[in-house]
Every structure is written in C-alpha cells, then in structure tokens.
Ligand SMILES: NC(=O)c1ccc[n+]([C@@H]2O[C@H](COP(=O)([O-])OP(=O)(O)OC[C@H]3O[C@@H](n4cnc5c(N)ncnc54)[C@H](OP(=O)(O)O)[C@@H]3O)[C@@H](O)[C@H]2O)c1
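Here we start with a single chain on its own, the form predicted on its own, put down as structure tokens.
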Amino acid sequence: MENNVSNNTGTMKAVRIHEFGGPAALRYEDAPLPVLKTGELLVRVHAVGINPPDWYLREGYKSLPPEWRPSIPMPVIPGTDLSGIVEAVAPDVTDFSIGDEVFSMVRFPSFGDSAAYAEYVAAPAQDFAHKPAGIDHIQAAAAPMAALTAWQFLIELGHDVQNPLQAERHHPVPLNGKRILVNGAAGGVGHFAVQLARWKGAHVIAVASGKHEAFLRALGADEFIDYTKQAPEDVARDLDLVIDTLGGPTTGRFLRTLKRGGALFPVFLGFSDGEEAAKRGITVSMTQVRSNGPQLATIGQLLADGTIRVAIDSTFPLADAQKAHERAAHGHIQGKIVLTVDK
C-alpha cells in the first residue's frame, strides 16, 4: 500500500475527534488500520460523502434528547458514506471479491470502530453494493445516506426494525399522479426526493432559494417556489404529500397545504402539531434511515442509467475535513459535499 499507509506499521490516515466541538475538533492524523471481522469487507476508501449525522457526532449529539445520545468512545472517526475498492474479504463473504468497486452507508444507525473519514474501512458486507461503472467514486460516495433516506421515506422502507421516532411503522404512500411538495429540495435528501417522486409519476413542487431554480427544474421539478420571496405554506394547496427535508419545529406550517387524507413526512425531529394533524385527517410519519445494500444496488442502477443523478456541491481532500464542515455549516448547499482520499 502506498501513500501514508503501511501494512508494516498497521496505521493509516484518518480524521478523528478527540473532544466534541466545532469543525476544529476534526483532526487529520495517524490511526490504527481497521481489523477485518467475520462478515466484513476491508475497503480502500476513494471518496467520502458528508452528512448531517457527521456534524451531530462532532458536536456531541447536542440536538438529540439526552436519552438518545449514544456513548461515544474517544477518539472516534466520523462518517458513514464511502466509495472505494475491496482490499480484503472475510472468509464467510461470497458476494464480493478483492478488487471490486463498492459503495456504502456503513452500519447506520448503529456505531462501530471503523468509519468513513479514513483511508480504510472495515464494515459489514451487507451494507455494501457494487459501484456501477457509469458513476465515479465521488458520485457514488455522495449518494448513500441522502438517496437511501429519500428511498425509505418515499419508495420502500425495506426493514421491520421498530421505529425509534414513533410507535407506528412508517409507510410510503402512492406517488403516481399525486401532488407532492419537497421542502429543502436542493439539498442532499431533497434533490433525490424530487427525482424519485418524478420517476414514480408525481407532480413535484420544489421549494428552495431562487438560485437553485434552474437546477431543480433540470431534475424534473414541475413547479418551483422561492421561499425567500413567498412562504410555501401560503401558496401551495391541495397537496397529497409534503416531504420536509428540513423538518424541525416549523414543519407543522405545511399541514394547511395538504388535502384531507394527505401525508406530511418530516425528515428531522421537531413536529409537535399532532392534534391539528388529526383534526385535518393528515398522516404525519417519519423514519430513521438504515443501511441496506440491496436498496443501494437498485439506486446505483438508477444513477448508472441516468434515471436519477447526484449533484456535487463541492469536494475537499480528506485532510481538509474541517473546511468541508465549515462549508456545510454555511448552508445553501446544492447536492452533496464530498471528501476525496489520495489513492
């Protein structure tokens, strides 16, 4: 192995957190090479996709209720999304071989001792899919969490794990011929939600700032609302579904845009208007995205054949993870931020 990695030293370069804090808490340094376990692949990482849980971890999950905050052993490597090449395969794994190009959202929402902001990752083979030849490592690394979130909210949940966010199981709703609004449409989850809803035959209204209009119309949005000029809840009506990728305490404002029998899917915590939703006959539901190799393989084919595409906001070298997190904190992102790893 070349660059900063050596089998002799058993180390690699990685970004680790030693104490919670801002972007400066991310340290690019030597770390132990991960050890391959039963059922796992060891992957040489070429690119890493950045997602909100990465900065939630960096900050110590301060936005979560205390009882939900996992115990984090320090130092810790953040990150879930990656694309790379298989370096080693556990003896019990049959679906992958050394040299395969793969991509993954590793382990989420569980936590392990090997994560994505690193030159090497060891993770369960079931979390991986073969990377289609038609997309590069940067595009592949950008896709997993955002695309799987949109997929599991809108198309197929894909698991029967008890929902930690609500008592009921989340159920996607039929999309063909329906009027759907996507709030935060230019972001990671949002731009996939727009494309998947259009693919399934929905009439899609995209909400974002004006600079994203051409981008979102190119992805298939039928209508566009510039939230800096008018509040979407004041102009949108008779909707079948709102997927609010921003979520939070203001998501209840979309209830009045929905038909009776419609649905509101907030991606992030904070909805508190259950009484009004019940009065209006609106289903409010959310879920927590989970790693799913077979779903990722299907998404990979849609990316490869051009049915959907992933937008790249910006790229940074792994060593500049601090700058990448600063870019994320600045907001107004179009698509995804990706870290590149020296080959």
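Quantities reported herein were computed from a predicted structural model and do not represent experimental measurements. Note that residue numbering follows the sequence shown and begins at 1.
Same protein, other form: the form predicted in complex with the named molecule, not shown, and the subject of what follows.
Of the candidate stretches 36-44, 274-282, 304-312, 51-59, only 51-59 has residues whose heavy atoms lie within 4.5 Å of the named molecule in the predicted complex. Using a 4.5 Å cut-off to the named molecule in the predicted complex, not one of Ile155, Pro172 and Thr257 places a heavy atom inside that distance.
For the chain shown alone, Leu296 is not a contact residue for the named molecule in the predicted complex, no non-hydrogen atom being within 4.5 angstroms. Contact check for Ala25: every heavy atom lies farther than 4.5 Å from the named molecule in the predicted complex. In the predicted complex, the named molecule lies within 4.5 Å of some heavy atom of His212. Gly190 belongs to the set of residues with a heavy atom inside 4.5 Å of the named molecule in the predicted complex. Note on the partner interface in the predicted complex: the residue among Thr251, Gln139, Thr245, Ser114 having a heavy atom within 4.5 angstroms of the named molecule is Thr245. The contact with the named molecule in the predicted complex, taken as any heavy atom within 4.5 Å, belongs to Met145 out of Val102, Met145, Ala221, Leu241. Shown here without the named molecule, the chain has no residue in 111-138 lying with a heavy atom within 4.5 Å of that partner in the predicted complex.
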